[in-house]
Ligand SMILES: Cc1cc2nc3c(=O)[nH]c(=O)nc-3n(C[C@H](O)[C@H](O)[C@H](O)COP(=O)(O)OP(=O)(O)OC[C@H]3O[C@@H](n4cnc5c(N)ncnc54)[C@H](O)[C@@H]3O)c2cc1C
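Presented below, as structure tokens, is a lone chain in the form predicted on its own.
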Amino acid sequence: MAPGADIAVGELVRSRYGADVVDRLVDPMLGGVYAGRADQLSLRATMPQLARTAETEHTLRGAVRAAQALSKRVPGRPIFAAVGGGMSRLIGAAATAARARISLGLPVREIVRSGSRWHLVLGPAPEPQTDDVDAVILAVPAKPAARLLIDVAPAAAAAIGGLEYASVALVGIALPPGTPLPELSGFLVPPGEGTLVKAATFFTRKWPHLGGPEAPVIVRASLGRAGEEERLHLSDQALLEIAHKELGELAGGELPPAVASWIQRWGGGLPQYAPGHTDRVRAAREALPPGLAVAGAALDGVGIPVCVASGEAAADDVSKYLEAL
């Protein structure tokens, strides 16, 4: 691949290994993470290490091995980890460590440059509030970010405002203790299977501290792919029934009735990075005025580690700006 170039993941893999590998391996993997399709997702945005190694290696196999060698995973440590008590504890811990004030329920509706500072309009339109701050980091989806940037950084707004999103629903099903499941932590489903379920996690096997012989067996399923939003336009009960039925079929046998179930809908929750995404993000950041930074999944990736890194980079940017004042 030419240095600096960007193509769809599917285009690269299909040219080297054929359509079957894309359809049965790559599409399910990207569908599980992004709810997207390999032929529409940017290699450089979704697999940046592979994109870099593909510039120098003569074969895709060599590029994959070189990318694996660059992995920072520490041998012997578990693949999966979690914060005791739930990920929500991170918010309070971060606020305490930074001595920060967190205001909930106050969406930012407008950003205006006011001398060397920024004037923010907050809260509901009928009862707006205002705040003046030294710097701003926008960590919101692409379209809200573009609306907020349109007056203060129109070129940046144009660069990121066209990002599309996929909608998904997450279904949790608690099965009776001892319910047999395949000896896996979960599975991915190729789009060609036609199921609404695209991925499943055997929760109590992936996170053993949640399980036990007397504990319910918990399965989480992800429903919906990019371009198939209409398939999610069903009631919660209908989606739960479909998920329960399809999970049994995919796992190799009918599941017993659930002892509990729940559903979360994420409308427009997963960004779809088309080829050229990283160039558009670079252009957006270069077009921002000093004291204004952007971060988050809309720009740099959907995983928690990459979102943390994105936020840290934005914080570094505005810190350097503030130190120079």
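One-based numbering along the sequence shown. Note that the structure is a prediction, hence the values are computed from the model and not measured.
Note that the form predicted in complex with the named molecule isn't included here; everything after this is about it.
Shown without its partner, this chain lists Ile263, Leu288, Leu270, Val64 as candidates; in the model of the complex, only Leu270 has a non-hydrogen atom within 4.5 angstroms of the named molecule.
Proximity to the named molecule in the model of the complex, taken as a non-hydrogen atom within 4.5 angstroms, holds for one residue of Ala243, Val219, Leu148, Val189, which is Leu148. For the named molecule in the model of the complex, the listed stretch (225-233, 248-256, 135-143, 172-180) containing residues with heavy atoms inside 4.5 Å is 135-143. Remark: Pro208 does not count among the residues lining the named molecule in the model of the complex, judged by a heavy atom distance of 4.5 Å or less. For Ala297, a non-hydrogen atom is located within 4.5 Å of the named molecule in the model of the complex, even though that partner is not displayed.
Residue contact with the named molecule in the model of the complex: Val168 places a heavy atom within 4.5 Å of it. In the model of the complex, at least one heavy atom of Val302 sits within 4.5 Å of a heavy atom of the named molecule.
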